[in-house]
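As structure tokens, one chain now follows by itself in the form predicted alone.
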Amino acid sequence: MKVTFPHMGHLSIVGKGLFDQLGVEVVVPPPITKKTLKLGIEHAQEFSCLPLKIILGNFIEAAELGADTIVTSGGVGPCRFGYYAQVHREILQDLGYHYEIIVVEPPDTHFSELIQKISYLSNGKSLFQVARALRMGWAKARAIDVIEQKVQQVRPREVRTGTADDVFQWSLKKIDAENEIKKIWEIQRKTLHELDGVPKDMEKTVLKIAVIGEIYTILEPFVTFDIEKHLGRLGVEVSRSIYLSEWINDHLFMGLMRVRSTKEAAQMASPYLRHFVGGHGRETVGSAVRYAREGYHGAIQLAPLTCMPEIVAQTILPVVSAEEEMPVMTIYFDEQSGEAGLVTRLEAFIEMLYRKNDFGKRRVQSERLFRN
């Protein structure tokens, strides 16, 4: 058995760490490129959303490397993602790829099923060994998120653009290669120390913007042309409405770990939205409320084009924006999206936020630039 799974941000490091502990051979798909997207576009239905197409490309590329078993997630509610495993199965069979597909349904409602599937994948490893593997996956996910949150703070203030990202890439390679939890924490500590030492301009005016919306679009930088790096270079400190370790804690560990929970965001969506609409639609609304009350200058909703839960959220966000007094911009992505257009929209949104918040220094700089 050679297991593969889709990319979603740094999920490959977490998944590989977990399966390595179980003694399962893993085939990580090649990093997402235009070729990956092209494969997905060629073989998926035209009106499928972007995650389905990219993930299909991941599976085709992994099959070429010898993978024969897919581990992917299911879903509940009105979001189409719950059907994706079946759609992928049909398309791959038609293309002649004979994968075994193991669908992991949301663990908070199917926890015993999750254990059974992990036990099957690990060829009957003991519960203790499964727990140890889950602990390894958690350690890697949490370390990456803690470091990345620090990078999001340093990026807009660093003197030399790219320094924080260089440190981050170094830490990712170290965490990926490490198989001892104690040493992962040591890498985390050392990386945070390195980031503290990055030369910064502490006098610089920095905006705080929340990135909210659909989880795959938020976590996978290929989809958004690495929007967080663009925002950082434009002088913006970013916070995401969901990080991978938070999702793991909410759905796999039942909230036992002391980290922020998306369930709090769901509760804060009331009275604007009182019920589940699929995906993370309710959490998107609640996150906008939470970030507004935390003093963020603005929020950007990200989602794949035609994402129904996020369309529902988008219809409510103007009311949230008006009542909570925080501007919100929505950006949808599909295969026709372009990086230049994205950057233009970001620049306009940021300039509007600077003017709204009366940052005189920034205005003076803009006026000087205009005169020159």
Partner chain sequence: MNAYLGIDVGSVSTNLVLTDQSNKVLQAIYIRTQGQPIVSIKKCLGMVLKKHPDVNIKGVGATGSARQLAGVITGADAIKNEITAHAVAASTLVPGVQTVLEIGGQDSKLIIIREGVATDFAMNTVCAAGTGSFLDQQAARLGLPIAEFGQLAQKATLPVRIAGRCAVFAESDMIHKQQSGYALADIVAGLCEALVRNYLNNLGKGKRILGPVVFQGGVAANPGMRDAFSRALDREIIVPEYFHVMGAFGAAIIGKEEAGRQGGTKFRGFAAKNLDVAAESKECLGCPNHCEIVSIVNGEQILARWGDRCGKWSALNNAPMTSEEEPLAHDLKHA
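Residue numbers count along the first chain shown, from 1. Every value quoted in this text rests on a predicted model; they were computed, and no experiment measured them.
Below, we refer to the form predicted together with the partner chain, which is not included among the displayed structures.
In short, of 171 to 179, 288 to 296, 257 to 265, 220 to 228 it is 220 to 228 that has heavy atoms within 4.5 Å of the partner chain in the model of the complex. Heavy atoms of no residue among K117, K125 and F276 are located within 4.5 Å of the partner chain in the model of the complex.
Although the partner is absent here, F349 is a contact residue: one of its heavy atoms lies within 4.5 angstroms of the partner chain in the model of the complex. For M329, a non-hydrogen atom is located within 4.5 Å of the partner chain in the model of the complex, even though that partner is not displayed. Taking the partner from elsewhere, K38 is found to have every heavy atom lying beyond 4.5 Å of the partner chain in the model of the complex. For T344, a non-hydrogen atom is located within 4.5 Å of the partner chain in the model of the complex, even though that partner is not displayed. Contact annotation for 28 to 52: residues with any non-hydrogen atom within 4.5 angstroms of the partner chain in the model of the complex are T33, K34, listed in sequence order.
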